[in-house]
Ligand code: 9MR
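In the block that follows, a single chain appears as structure tokens, in the form predicted alone.
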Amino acid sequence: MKTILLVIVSLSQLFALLPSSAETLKGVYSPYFTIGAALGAYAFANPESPVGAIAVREFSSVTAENEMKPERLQPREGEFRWDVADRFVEFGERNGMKIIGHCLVWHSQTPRWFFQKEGGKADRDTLVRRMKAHIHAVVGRYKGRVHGWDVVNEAFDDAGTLRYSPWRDGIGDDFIELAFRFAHEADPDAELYYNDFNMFRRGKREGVVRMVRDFKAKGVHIDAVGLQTHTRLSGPPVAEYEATIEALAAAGVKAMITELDVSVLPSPWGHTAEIMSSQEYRAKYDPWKDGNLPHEKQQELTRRYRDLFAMFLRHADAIDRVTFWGVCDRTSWLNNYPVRGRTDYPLLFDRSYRPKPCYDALIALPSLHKTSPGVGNLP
């Protein structure tokens, strides 16, 4: 009972901390693009969740953080576990949000049984059958309820060629095309996306654009490409993301900013979001573990978000959605990646669920854009 009372008190305090203005992120950006957030069960399974309350107020789209990945939905062949994913979809529907399913086909967070059969590695026919069955089951269950799907995740390397994966190894280079065809069969009205990290790199950009053009020529349904946009204070350059957005628009698809956050911590190896990477904890990679980010770093974070969103606004005709990978610093994946146990500050709300200076800057930015549409790096 004490725990429940404390949660209720903290939630009531949260609403006092949130801006009293009628302005919200989803409101001020609605003329330009949808604003979304990725949520885990901690946000939508508990009706008193402070993170869920912020999501309902500020965002008009929700993406499943982990709850729709193959390892969660089908841990063993034919054994589907729908309960948590169902609650995610119900949360989005209850709050009038666009619901994004993430993700159907990925080399990571997929059970080994997909790629194995008695006697060794699964052959092409087995893998194609399993892929189709999984996609039809998942997309079919939420047909007409999930707005769009990340069909294939992270299939290209930075040079723009297909990376090694058990899907490609077992099926061949056409595994992405097959996945999109199966998803479109399961729900012809759902939007379908390809999603990847390091989309600021020229080689990957060109490889993905070639795939999009090939799909268009073959009549394979694809609506948008997701740029994960896990960034840092020092980079990658905004201009490189801008070039990717322009290239996708020229190829005939929308761009989506799908996993936006800005790490303020030192990086063991530069700008990358390779999920398989990891690093042992060292104090030099965790300089603000006391929970207090220095004022000058808050300013840098604000400038970084402002520069990114100024560019997004300039290309609003080519961008359909901007989704943050999380809501508040407390629950960000970057506290454990690429170094487990750190204290990072990558999002718009702090560990006490209060809006940060970067939030205020993003609320104000669309008004400045209206008066000066070519706005770039603001002072």
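Note that this is a predicted model, so its numbers are computed, not measured. Residue numbers run from 1 along the displayed sequence.
Below, we refer to the form predicted in complex with this ligand, which is not included among the displayed structures.
Visitor: Can you check 212-220, 183-191, 159-167, 227-235 and let me know which stretch has heavy atoms within 4.5 Å of this ligand in the predicted complex?
Guide: Within 4.5 Å of the partner lies stretch 227-235.
Visitor: Using 4.5 Å between non-hydrogen atoms, is Glu58 touching this ligand in the predicted complex?
Guide: Output for Glu58 is no: heavy atoms all beyond 4.5 Å of this ligand.
Visitor: Within 4.5 Å, heavy atoms only: does Tyr345 come near this ligand in the predicted complex?
Guide: Contact with this ligand, no.
Visitor: Although the partner isn't part of this model, could you tell me whether Asn153 comes within 4.5 Å of this ligand in the predicted complex, counting any heavy atom of the residue?
Guide: Although this ligand is absent here, Asn153 would touch it in the predicted complex, with heavy atoms inside 4.5 Å.
Visitor: Give a yes or no for Gln109: in the predicted complex, does one of its heavy atoms lie within 4.5 Å of a heavy atom belonging to this ligand?
Guide: Taking the distances in the predicted complex, the answer for Gln109 is yes, it comes within 4.5 Å of this ligand.
Visitor: Of Asn66, Ser352, Ser30, Asn46, which one comes within 4.5 Å of this ligand in the predicted complex, counting heavy atoms only?
Guide: In short, Asn66.
Visitor: Between Arg304, Lys254, His102, Lys98, only one gets a heavy atom within 4.5 angstroms of this ligand in the predicted complex; which residue is that?
Guide: After the contact test, the surviving option is His102.
Visitor: Identify whether this ligand in the predicted complex is within 4.5 Å of every residue in the set Glu259, Trp325 and Trp333, based on non-hydrogen atoms.
Guide: The answer is yes; Glu259, Trp325 and Trp333 each reach this ligand.
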